[in-house]
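Just one chain follows, in the form predicted alone, and it is written as structure tokens.
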Amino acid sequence: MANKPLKAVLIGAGERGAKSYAPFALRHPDRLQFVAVAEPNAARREAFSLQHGIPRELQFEDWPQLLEHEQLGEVALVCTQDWQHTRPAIAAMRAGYHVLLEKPMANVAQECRDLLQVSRETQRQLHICHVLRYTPHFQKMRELVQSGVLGQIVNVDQRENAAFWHMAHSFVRGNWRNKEQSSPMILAKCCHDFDILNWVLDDSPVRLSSFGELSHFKVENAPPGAPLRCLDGCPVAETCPFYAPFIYQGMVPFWNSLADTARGFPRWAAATYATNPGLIRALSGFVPVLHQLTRYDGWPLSVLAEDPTPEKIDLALREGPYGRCVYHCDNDVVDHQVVLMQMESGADVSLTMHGLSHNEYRTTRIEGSHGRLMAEFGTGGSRIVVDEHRTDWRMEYDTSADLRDGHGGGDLRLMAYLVDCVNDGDFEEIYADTQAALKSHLLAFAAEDSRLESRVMSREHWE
């Protein structure tokens, strides 16, 4: 007999919880059902409840109200802001729920350790949203590296290239702009990368050092006469790449980034929409798939307004944080950072993160004694190329996922894995994965300490 759908509660109905993970329940109602939600924003709470059929009495303004209620299901998704993760996740495990926790686990190292300890004490599964592990791209990369085709790995270069507009949106104007209110950028952006490097290479760092700073998004770099808000008469409105209407009205850089990393028809459609939106709107009457472009209301627009109509976007740019000049914000996180690591195997690994990339994508280069792997993981598509030294044999793998599936297919694959684990998973195996997630976070904290203290960190610092 098939298992009944798991019942889940959502704590935090923002972008990640409501729009990245919860859609799994709408696609697979036989596997997962949301029965309650806790969200202080009334519009988000009501929208999520309407979408998932949650009755009024199970719609809560805050998570203590939800968790004080008798247990409503098997799983709790905790998708609040970074600094709000620890208390609801611990309370949910102690209330009997298995927990899916958005990354980063917490913005304090000890709280990350506390979460793991409570998972052990309560025997409740704790899954961290390291979604890249579940993508076809990084799963294929791990398969290739572990097959031995590259021989002994000696050098790795991993780059997290955050597009200029994404940096401006999330880390200058947005929720992750200030490390005291959220997390250091190396943690918020690259706990994924630390996790992927350890997992793909099946190797661990023994020493690391890190350098980086906030170089560009500072008041001294503001153009002469730049106002506090873009729409208040900016003198460089026609040339500034961070001009808010350029990013959010028409979303030209968003579609350009998609076009530059996609292939085939999606590449043509995104590129054409950026330059000739009228043509794509006309064609959408005959090609319904083009509605994904012409009716797009997802991230980052959905951060500015729950129902991002042109009128609401304009109001948000005039009154909200996303209309501020990037040189006059209260941001203090770095806009570039590099981490250098020596691995147990002796391999050298560099991890570069920066927020001035032309496109939004990750790149990986792995050099081995017998071959080389080069990979791109972008918003529009992904690929891996392997070259063998002796024969010059080359193989290219298309690792792209459906454009509708977030994080290269990782979001919904993670949800499928969660359901499988809660139904039939072995706690010790899942706990080992959570330990690996903790390790990636502790490496990010160590990298930030190294940057701030200008010193090399050894393994004792994070173990």
Ligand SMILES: NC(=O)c1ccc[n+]([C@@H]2O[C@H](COP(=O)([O-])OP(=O)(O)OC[C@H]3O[C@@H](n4cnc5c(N)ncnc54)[C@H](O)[C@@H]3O)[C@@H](O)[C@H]2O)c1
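In this text, residue numbers run from 1 along the sequence as written. In this text the structure is predicted, and so the values were computed from the model without any measurement.
Separately, the form predicted together with this ligand exists; it is not shown, and the next lines address it.
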Suppose contact means a heavy atom within 4.5 Å; in the model of the complex, does that hold for all of Ile11, Glu39 and Lys103 with this ligand?
yes
Which one of Glu57, Glu429, Asp62, Asp424 is close to this ligand in the model of the complex, taking close to mean a heavy atom within 4.5 Å?
Asp62
Counting non-hydrogen atoms within 4.5 angstroms of this ligand in the model of the complex, say which of Leu115, Val333, Val99, Cys129 makes the cut.
Cys129
Report yes if any heavy atom of Gln84 sits within 4.5 Å of a heavy atom of this ligand in the model of the complex; otherwise report no.
yes
Just to confirm, Arg324 within 4.5 Å of this ligand in the model of the complex by heavy atoms?
no
4.5 angstroms heavy atom contact with this ligand in the model of the complex for Arg16:
yes
Given that this ligand is not shown alongside this chain, does Lys179 nevertheless sit within 4.5 Å of it in the model of the complex, heavy atom to heavy atom?
no
Exactly one stretch in 385 to 393, 212 to 220, 75 to 83, 117 to 125 has heavy atoms within 4.5 Å of this ligand in the model of the complex; which is it?
75 to 83
Residues in 173 to 211 close to this ligand in the model of the complex, defined by a heavy atom within 4.5 Å, in order:
Asn175, Trp176, His192
